[in-house]
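What follows is a single chain, given as structure tokens, in the form predicted alone.
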Amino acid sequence: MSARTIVITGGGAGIGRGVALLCAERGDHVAVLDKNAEAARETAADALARGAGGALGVRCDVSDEGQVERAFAEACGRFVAPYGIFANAGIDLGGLVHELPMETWRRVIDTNLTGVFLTCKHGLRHMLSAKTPGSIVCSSSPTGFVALAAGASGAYSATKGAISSLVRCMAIDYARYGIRVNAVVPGATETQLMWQNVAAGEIARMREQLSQEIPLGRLAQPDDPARAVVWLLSEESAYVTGSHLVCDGGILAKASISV
């Protein structure tokens, strides 16, 4: 298969980085977008070492349309129009709704939901202009379907539920152009985001507790959901669109009550 261009937001760490490196091993051109410019460049360098046909690290805040537009222009100028897009960048700022500052709510919405919208908007423009069929994968979450037992995740959960709805709509709108749109639903994964709202001294205890509660008995490593994303980006999933690929160790399949 000839080298394809894959654009990944939030590619400097975690699942996004895992996807970049796995795509590199397939010989793809990889454009790594991340708010952390150094992390983006490091992932791009590692992708080249893994066999990428080409790699580019770009600083990009996905909540800023100008930055997203410029990042896609740079990626397409270096390579060709994207075949695959992984709209993955996100943050998690917890808090009860009645205590949540408007600034925090907007920051989560702007990054997680608007960021996915802007990534898809400008990615689709390049794909349609080049008449390139392909695949878009957006990061949803189990929190888009159920509430976390620990609570205080209203803003994050709202964005993930909205992303799931957006995925279904885009899948229908762009199927006629040969562009598939799906969501990946990662469970608890060993990333910085996973522990963003957990005190450092509590992480080890929480990791052990979660491992007991997850049916498969462990948290995911970034490569676990990354492999699911790479499958959705490949021709092996050519008849899959508008779907959610759940990669959560069994969390959504398990009832929360002990009967």
Ligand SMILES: NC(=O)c1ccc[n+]([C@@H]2O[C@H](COP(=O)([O-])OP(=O)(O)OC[C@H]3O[C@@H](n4cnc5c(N)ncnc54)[C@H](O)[C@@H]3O)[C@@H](O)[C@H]2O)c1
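In this text, residue numbers run from 1 along the sequence as written. Only a predicted model underlies this, so the values are computations on that prediction, with no experimental measurement involved.
If you look for the form predicted together with the named molecule, you will not find it shown, but the lines that follow are about it.
Chemist: Given that the partner is absent here, state which listed stretch (184 to 192, 94 to 102, 146 to 154, 69 to 77) has heavy atoms within 4.5 Å of the named molecule in the predicted bound form.
Modeler: Heavy-atom contact with the partner occurs in 184 to 192.
Chemist: Is it the case in the predicted bound form that Val167, Asp224 and Ser243 each bring at least one heavy atom within 4.5 Å of the named molecule?
Modeler: Per the other structure, none of Val167, Asp224 and Ser243 touch the named molecule.
Chemist: With a 4.5 Å heavy atom cut-off, would you call Gly249 a contact of the named molecule in the predicted bound form?
Modeler: Residue-level check for Gly249: no, no contact with the named molecule.
Chemist: Using 4.5 Å between non-hydrogen atoms, is Asp28 touching the named molecule in the predicted bound form?
Modeler: No.
Chemist: Look up in the predicted bound form whether Arg180 has a non-hydrogen atom within 4.5 angstroms of the named molecule, and give yes or no.
Modeler: No, no contact at 4.5 Å.
Chemist: Asn36: heavy atom within 4.5 Å of the named molecule in the predicted bound form?
Modeler: Taking the distances in the predicted bound form, the answer for Asn36 is yes, it comes within 4.5 Å of the named molecule.
Chemist: Note that the named molecule is not shown here; using its position in the predicted bound form, name the residues of 102 to 141 with a heavy atom within 4.5 Å of it, in sequence order.
Modeler: Read in sequence order, the residues that approach the named molecule (within 4.5 Å, in the predicted bound form) are Thr111, Ser139, Ser140, Ser141.
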